[in-house]
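Before any questions on how it binds or moves, here is one chain, the form predicted alone, in structure tokens.
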Amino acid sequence: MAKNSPTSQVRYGRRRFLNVAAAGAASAALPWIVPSSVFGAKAPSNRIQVACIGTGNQGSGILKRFLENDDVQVVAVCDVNTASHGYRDDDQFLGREPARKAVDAHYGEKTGTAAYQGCRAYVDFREVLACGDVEAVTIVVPDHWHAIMTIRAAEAGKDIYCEKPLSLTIGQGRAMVEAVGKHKRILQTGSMERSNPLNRYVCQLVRDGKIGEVKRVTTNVGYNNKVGPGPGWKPMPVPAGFDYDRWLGPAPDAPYHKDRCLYRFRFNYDYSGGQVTNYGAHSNDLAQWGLGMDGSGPVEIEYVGATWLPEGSLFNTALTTEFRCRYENGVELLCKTNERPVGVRFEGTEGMVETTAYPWKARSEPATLIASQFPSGGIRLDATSAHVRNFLDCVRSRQEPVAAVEIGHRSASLCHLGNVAIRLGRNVRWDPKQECFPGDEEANAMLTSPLRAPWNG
């Protein structure tokens, strides 16, 4: 991690430009990060019993963050893949069995029991939800599974840490909000950039009017980081140990290809919204936060442009995108593909402030406001660990987490709205209160997606 100050200040006429890098650690704990020792966490009877559903690239990282906490006991893991390579990096060997072994090794080392075997492994998430000892679950699976798993987890009385984007469609997101509320569950959306103190501080500056009246916001989404087969691609045999039909679940039936699944699901609209919902679930989430729009959204979405792979390619999400949103108060938000995949810039009548989730080289003059809060330019606790800790604290306190279900839904909705305009290739109007496209049947049809049997009942 860079040791340089992550901020700078330059003059732009009478305007102030604050550039902030949220590199992933924190110099000082926020009020909602409570030490686990407060709860007597080492007592087994006081540990939160957690099951981790989805143990791939992101899931394995989230699992490790839960294991960091002494007041947690991971009792089960669940994945449709027994074990394989083929995730984000070629050297990753992930899946159900590697996760189970990692959990047992962790607790074996802590207890001094080399033969520790206390973690159960499942293929079907419904078996996990039926476990009476499981109090909370992580749901780190392709987006098309988020709604079904979350709703059923809420019905089963489990608290939920669900990865971003919260939903595959706006309609699914609203159903998740209703289920979590009805069953009085705690849900943390995995938008961990909200738990980075630098991002928190920047958004608070905006909300406190430090840059004057906000006029314009610019958010970034990244380019595709994987390449799939083009037109004429051929199906492949399903590998041993991979339950492909269960992986598809509610999505349309489709022939197997290795580039359809695991990490690469991100680039197919049957399972995801592409990089608009992947990176946009961070950038647009911070925009919503800074604008004070956590419970609302824009009223107009303008299609600016997009580029696509040739028709018939396995990957079918847009390669590059650009759309513009207008809020009822006149604020304009421009979301576009950028080499810096996560970032948001707020422009106001008295200045500008920008935050990014990635380190960058500091400029000559430090930003006084930021440097006074984070004099070391870096922090010890990474944002994901802080986000998990916030969830665990809220499981105990029953308070709303920093990225509660309504927040996750509205941030994902902003991304979905952009995708609707992009896929239709035209502008759309949106009613954030009724959550519909007034008088637009074609756009309203995209509020939901068909579910394959038996998940459509």
Ligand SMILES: NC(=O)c1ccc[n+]([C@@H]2O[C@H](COP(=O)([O-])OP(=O)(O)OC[C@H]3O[C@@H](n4cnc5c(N)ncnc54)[C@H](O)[C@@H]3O)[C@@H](O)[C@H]2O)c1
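Note that residue numbering begins at 1 and tracks the sequence as displayed. Just so we're clear, the structure is a prediction, and the values are computed from it rather than from any experiment.
Below, we turn to the form predicted in complex with the ligand, even though it does not appear here.
- Residues placing heavy atoms within 4.5 Å of the ligand in the predicted bound form fall in a single listed stretch, namely 53 to 61, out of 66 to 74, 53 to 61, 404 to 412, 389 to 397.
- Interface residue remark: H146 is counted as part of the site for the ligand in the predicted bound form, having a heavy atom within 4.5 Å.
- Among heavy atoms of K226, none comes within 4.5 Å of the ligand in the predicted bound form.
- The ligand is not drawn, but in the predicted bound form it has a heavy atom within 4.5 Å of P142.
- The shortest heavy atom separation between M192 and the ligand in the predicted bound form is within 4.5 Å.
- When the ligand is considered in the predicted bound form, only one residue from Y303, Y327, Y87, Y107 comes within 4.5 Å through any heavy atom, namely Y87.
- Among the residues N81, T219, Q172, T321, the one placing a heavy atom within 4.5 Å of the ligand in the predicted bound form is N81.
- Taking the partner from elsewhere, no residue among K210, P298 and M352 has a non-hydrogen atom within 4.5 angstroms of the ligand in the predicted bound form.
- Counting a residue when any of its non-hydrogen atoms is within 4.5 Å of the ligand in the predicted bound form, the hits in 231 to 246 run F242, R246.
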